[in-house]
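As a starting point, one isolated chain is supplied in structure tokens, in the form predicted alone.
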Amino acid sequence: MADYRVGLDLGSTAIKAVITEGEAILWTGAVPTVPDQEALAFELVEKGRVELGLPDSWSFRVASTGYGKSLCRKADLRLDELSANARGLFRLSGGEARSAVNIGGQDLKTIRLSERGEVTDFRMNDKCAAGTGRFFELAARLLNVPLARFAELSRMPCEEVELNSTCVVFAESEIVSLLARGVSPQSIVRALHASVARRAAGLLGRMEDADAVWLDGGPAQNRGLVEAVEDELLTQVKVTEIPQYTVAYGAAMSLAPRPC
């Protein structure tokens, strides 16, 4: 019998699902978080089943994690987000990851991993949305620019400005003020990347070795942000092929293999 596993990351801003057969990823999908998260999560899983052409009678097991993990009553396993993040990143990096920065919807975390992928230390800032995925979404709305264009904009010639607020409410006011002064969107995007990079570096602390840092979470798909973090840390920053789904994949990999 095929060992189908489903990892569900019920986050504050998005629900992510990963379907695997053993350790191999077959399908990924995400939808914005709304009420009745369990129903929405399993609708997402059903979409994956249909797209994969699997029969209605397919047998699978589910692991849930994230802010809404306790809402997933059908899950065979519920685990904390930190453990799922570490397990997923360690496997997706081929066992290479030792230091990671995860930018979630409403928090920012730094994680240290052992040579076996165990969490040896972590720090988290969840007191303010500045420096998180929610902050990027807010900035995109204020600038009327798609998030997908942030990397492109950050590489354009522009004047240097700074975003200094540590609170998302004040940062929003700063962005509005800069726009009123006629500052270009590309200058603000570059300043936003630099601000998030400083925040991440502050949480990560002094690098104890020369290992690369892995950037994780949806915002890691933004190459402009990756480059800003590299500039701040003065070290290489790597990203897996599916940074948005690391936690969901780690949840799926936390399920024990199905006996043959």
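Being a predicted model, the structure only gives us computed values, none of them experimental. In case it trips you up, residue 1 is the first one in the sequence shown, and so on.
The protein also exists as the form predicted in complex with ligand ADP; that form is not presented, and the subsequent description refers to it.
*Asks:* Okay, which stretch from 197-205, 212-220, 36-44, 56-64 lines ligand ADP in the predicted bound form, with non-hydrogen atoms inside 4.5 Å?
*Replies:* Answer to the contact question: 212-220.
*Asks:* Within 4.5 Å, heavy atoms only, which of Ala171, Leu89, Ile103, Leu143 is in contact with ligand ADP in the predicted bound form?
*Replies:* When ligand ADP is considered in the predicted bound form, the option within 4.5 Å is Ile103.
*Asks:* Among Leu82, Leu147, Cys158, Val161, which has any heavy atom within 4.5 Å of ligand ADP in the predicted bound form?
*Replies:* Contact with ligand ADP in the predicted bound form is made by Leu147 alone.
*Asks:* Counting only non-hydrogen atoms and a 4.5 angstroms cut-off, does Gly133 reach ligand ADP in the predicted bound form?
*Replies:* So Gly133 counts as contacting ligand ADP.
*Asks:* Is Gly250 one of the residues lying within 4.5 Å of ligand ADP in the predicted bound form, judged by heavy atom distances?
*Replies:* Gly250 lies outside the contact set for ligand ADP.
*Asks:* Could you confirm whether Thr240 comes within 4.5 Å of ligand ADP in the predicted bound form, counting heavy atoms only?
*Replies:* Flag for Thr240 set to no.
*Asks:* Is Ala14 close to ligand ADP in the predicted bound form, meaning a heavy atom pair under 4.5 Å apart or at it?
*Replies:* The answer is yes: Ala14 has a heavy atom within 4.5 Å of ligand ADP.
*Asks:* Along 231-256, which positions have a non-hydrogen atom within 4.5 Å of ligand ADP in the predicted bound form?
*Replies:* Result: Gln244 alone.
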